[in-house]
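Only one chain is shown below, in structure tokens, and it's the form predicted on its own.
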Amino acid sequence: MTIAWRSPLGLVLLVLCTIAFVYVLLPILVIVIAPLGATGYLAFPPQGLTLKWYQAALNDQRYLTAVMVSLRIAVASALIACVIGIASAYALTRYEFPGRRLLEALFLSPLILPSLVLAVGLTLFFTRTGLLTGPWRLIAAHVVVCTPYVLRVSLPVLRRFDRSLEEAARNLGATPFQTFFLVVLPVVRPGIVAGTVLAFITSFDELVLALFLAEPGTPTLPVTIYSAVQLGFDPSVAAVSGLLIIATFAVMLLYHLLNALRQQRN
């Protein structure tokens, strides 16, 4: 078998891919390494080696509290968005009704709507109506933003699903709920998981909505980092970002290891 990179075109593509990966990954590597410097400012390569900035980030109660707030809001938003997104995707792919395309476009419209416009609109809406209080305002706003991501991932998966499997289950006596949970859901589970994870990441990283709707006493992590940068950028702020990158890498590595072990057992 001919190796692709031995041809001139393959070599050019290999070089371009390498440059693209370096361009994307190098800033992430800088964020992780720069706080290791002993200076009171960020420098790359770091001058000296110390873990004091990472230790300062771990010991700072502001960041620890903000992480817990962001995790609670992101988990709640992702789960609610998952339920709404999956139910909407199932209805849009299984039933024909007037305005179906318009409803799908309406669900996906937050993807193209600027976050600032959406934040101002939701702030005015909650202020005028008095609906929801505390963190539920921010959760509701995040659900509006996250649901399109779940819907966008789930729609193609459900459209490719073989509907004859549903018909076979119904012919064997399964109820619509049994058919959905025992036949449809296991098959489209990868798409659902991908959409839910994407919704979680979107909610966890969202800043603009949190600036407008988060409670002043319990800000999310992006708001806390934004406020710290406004007051003065010290290496501990970069250390927080570095810790998030390391945690994300550890979760991805654990997922791939568990997936590899499961494939070996099968």
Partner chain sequence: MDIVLRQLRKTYGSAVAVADLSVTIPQGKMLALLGPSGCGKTTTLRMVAGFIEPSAGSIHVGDRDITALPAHKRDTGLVFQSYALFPHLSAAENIAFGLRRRGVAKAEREQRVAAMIGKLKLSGLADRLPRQLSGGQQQRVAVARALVINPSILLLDEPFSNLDAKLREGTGLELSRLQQEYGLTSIFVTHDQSEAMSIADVIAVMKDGELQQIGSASEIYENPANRFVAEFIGRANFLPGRIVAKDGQSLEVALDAGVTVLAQSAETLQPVGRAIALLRPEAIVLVEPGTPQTLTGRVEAVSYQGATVYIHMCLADGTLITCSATPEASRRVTVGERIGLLPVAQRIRLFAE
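Residue numbers count along the first chain shown, from 1. Just so it is clear, the structure is predicted and the values come from calculations on it, not from any experiment.
The protein also exists as the form predicted in complex with the partner chain; that form is not presented, and the subsequent description refers to it.
Although the partner is absent here, Thr175 lies within 4.5 Å of the partner chain in the predicted complex, judged by heavy atoms. Contact annotation for Leu182: at least one heavy atom lies within 4.5 Å of the partner chain in the predicted complex. Taking the partner from elsewhere, Leu103 is found to have every heavy atom lying beyond 4.5 Å of the partner chain in the predicted complex. Taking the partner from the other structure, the partner chain in the predicted complex has a heavy atom within 4.5 Å of a heavy atom of Arg170.
Residues within 4.5 angstroms of the partner chain in the predicted complex, judged by any non-hydrogen atom, belong to 161-169 and to none of the other stretches in 89-97, 135-143, 161-169, 116-124. Put simply, of Val157, Ala76, Val187, Ala194 only one has a heavy atom within 4.5 Å of the partner chain in the predicted complex, and it is Val187.
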